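For reference, the chain that follows is the form predicted on its own, supplied as structure tokens.
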């Protein structure tokens, strides 16, 4: 029994970590600017394709793991400055429609450049194989992904809570006008905040490509579960996104093992239960990363 459950639990935790990563990026952008970024998954896919292109041109996987997210940040910031910034002070429905349109355009662009089907993208051989714990084999690639995602979450938390700029970001979520009156350039805060979201999406995109497969729809497939995770954890809560992601990942994985027919609806059932008990989510607070 343990030999069947343990791999499912482990795989669920990895899947949940991906969901949490994407959800944190969504929450960062939404809480400060009010933008519901439906193109977030497209940036995740872009990072995967950029990493694939770099590796196919002879670049090492390790270099691509760093460079692809950075290139994604550049593309994301350019789009944010040119298209999204003018909509920050307008009704959120405008930015929602814009980013939805961007996601559709991006998906077609990926099909034109890299083809409509998935492309082969795998991690280096050193990450192959697994580590035996007696009752199961832990794949080395999945362990590596878990370590990278955990390290990135810790670094993000340190940035938000231990740096002056991170404190300004959190304060701006509470009262943008007050922070602006104190001399802080709000547009710089918006840009850095959006760049953080893109960096998280980019890193998740490269890692997910080697694990889940790289195709034009890869990022968008992770987007809806990420929204569910953000709602379960509580919009604006970094810790809530992590907990929500792990809960959703475990729920999907265990349900797939025992009730495969229900694996696609279990996260919505979980969300409904949480919202009935706590309408703001498990750790949701009003406009603050808690």
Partner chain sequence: MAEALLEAKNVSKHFGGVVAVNSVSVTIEQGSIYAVIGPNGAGKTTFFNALSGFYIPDGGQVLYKGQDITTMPNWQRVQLGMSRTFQTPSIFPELTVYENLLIGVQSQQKIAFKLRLPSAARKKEIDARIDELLGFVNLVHLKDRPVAELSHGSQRLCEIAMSLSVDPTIVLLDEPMAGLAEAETERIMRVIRDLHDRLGLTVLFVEHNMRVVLSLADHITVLDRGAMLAQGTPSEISNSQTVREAYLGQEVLNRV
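Positions refer to the first chain, counted from 1. The model shown is predicted, which means the values in this text are computed figures rather than measured ones.
Unshown form predicted in complex with its partner chain; subsequent notes refer to it.
In the model of the complex, residue 81 stays away from its partner chain, with no heavy atom inside 4.5 Å. Put simply, residue 132 is far from its partner chain in the model of the complex: not one heavy atom of it is within 4.5 Å. The shortest heavy atom separation between residue 177 and its partner chain in the model of the complex is within 4.5 Å. Interface membership of residue 154, defined by any non-hydrogen atom within 4.5 Å of its partner chain in the model of the complex, is ruled out.
Contact with its partner chain in the model of the complex, defined as any heavy atom within 4.5 Å, is confined among 72-80, 104-112, 161-169, 200-208 to 161-169. With the partner removed from view, the residue among 126, 93, 147, 182 that has a non-hydrogen atom within 4.5 Å of its partner chain in the model of the complex turns out to be 182.
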